[in-house]
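Below you will find one chain, with nothing else, as structure tokens; this is the form predicted on its own, and questions on how it binds or moves follow later.
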Amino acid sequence: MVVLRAGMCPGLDEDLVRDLRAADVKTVEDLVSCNLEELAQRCSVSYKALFAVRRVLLAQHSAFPVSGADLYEELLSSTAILSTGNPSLDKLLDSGLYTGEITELSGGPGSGKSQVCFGVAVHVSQQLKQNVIYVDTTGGFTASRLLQMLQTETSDKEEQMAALQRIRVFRVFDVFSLLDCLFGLCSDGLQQASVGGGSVKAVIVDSVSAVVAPLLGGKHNEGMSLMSQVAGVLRTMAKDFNVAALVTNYVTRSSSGELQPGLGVSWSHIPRTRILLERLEEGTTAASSAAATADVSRSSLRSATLIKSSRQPCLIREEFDLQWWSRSKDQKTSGLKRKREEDSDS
């Protein structure tokens, strides 16, 4: 259900929204399904004005049939693949993040979700020269950390500042502020967020569970409705603006004790791709010891497991260095060479 907001269409101003809410008409569905003549009398507005607003909203939110051939042509012309900057994650994601889709990173505290988001933002802004929207819901975003990563990519301060300018940050700490932010971006914010001629290609929400999870459970279902709205606007943004949406989620344990992404079954259908991040314990695998000999700290090693994908077999697992984005170009080159040798030996 889409909440009625001022400016959604011509004629729907703040006064009309307030009158509609007073008449218990709060969503597009409420307005479409009610009796317009009775509603016009209750709100003291003209029937003609209400009819025009409803017609526009129907055109905006109704589903229309599209042929498979048209969808395929649209896919070929609009889909782009954005590298995360980390070869192990790119391999797991079948080359990277796909525009038009939502990708989820789930994991417990210290699993590296935010660090991966930082790395993706830096790589897209500095290497791909594209704009990034970073929505911080936990207060964990730090520009100094991004600058440290950028300094390993280039020593040119102008390039570093240009890359930072291409990352636009929004800080929101409740689901209503998140919805306002996302709706605003869909209306005109994505164009306004473009810097230096590039377009917005990635929208990162770290984390969606921080503002949604506290509202779930109990006797009331408002939390599920708000979660559905967040999911809907993220899908619309990814599809209509050809951006890659990356969100983070917390984890819970199943009845068997295994880690699984949070927010329940309803949310599990939203991301096209889901990755579970975990810390690697010492001596877990042979790859861990091999990485340790390559001057990689065990504390920065993480495992990434693909638990949902439409392109790759699920439960594929990759190990990667969380500090990859902070390493110099020479270290990255030698690391890639070593990884290729290990892959060929295996």
Partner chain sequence: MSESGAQVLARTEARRCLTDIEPRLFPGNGGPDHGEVVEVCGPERTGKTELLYHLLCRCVLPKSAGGLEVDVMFVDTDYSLDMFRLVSIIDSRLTRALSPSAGSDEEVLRSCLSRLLVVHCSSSSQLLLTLHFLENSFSSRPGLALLLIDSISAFYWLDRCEGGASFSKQEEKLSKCSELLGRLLRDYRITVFATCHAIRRIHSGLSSSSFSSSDSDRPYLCRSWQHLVTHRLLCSRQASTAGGSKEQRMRQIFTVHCSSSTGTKAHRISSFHVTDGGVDFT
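Since the model is a prediction, treat every value here as computed from it, not as a measurement. Numbering follows the first chain given and starts at 1.
Below, we refer to the form predicted in complex with its partner chain, which is not included among the displayed structures.
Exercise. At 4.5 angstroms, heavy atoms only, are 3, 140 and 142 all close to its partner chain in the model of the complex?
Worked result: Checked in the model of the complex: no contact with its partner chain for any of the three.
Exercise. Are any of the heavy atoms in residue 73 no more than 4.5 Å from a heavy atom of its partner chain in the model of the complex?
Worked result: Close contact exists here: in the model of the complex, residue 73 approaches its partner chain to within 4.5 Å, heavy atoms only.
Problem set entry | Touches its partner chain in the model of the complex: residue 235 (any heavy atom, 4.5 Å) | Residue 235: contacts its partner chain in the model of the complex.
Exercise. Contact between residue 188 and its partner chain in the model of the complex at 4.5 Å, heavy atoms?
Worked result: Because no heavy atom of residue 188 falls inside 4.5 Å of its partner chain in the model of the complex, the answer is no.
Exercise. So, in the model of the complex, is residue 224 in contact with its partner chain at a 4.5 angstroms heavy atom limit?
Worked result: Looking in the model of the complex, residue contacts with its partner chain include residue 224, since a heavy atom lies within 4.5 Å.
For this session: Among 105 to 113, 172 to 180, 76 to 84, 150 to 158, mark the stretch whose residues have heavy atoms within 4.5 Å of its partner chain in the model of the complex.
Result: Going through the listed ranges, the match is 76 to 84.
Exercise. In the model of the complex, which residues of 59 to 78 put a heavy atom within 4.5 Å of its partner chain?
Worked result: 59, 61, 62, 63, 64, 65, 66, 67, 68, 69, 70, 71, 72, 73, 75, 76 sit within 4.5 Å of the partner.
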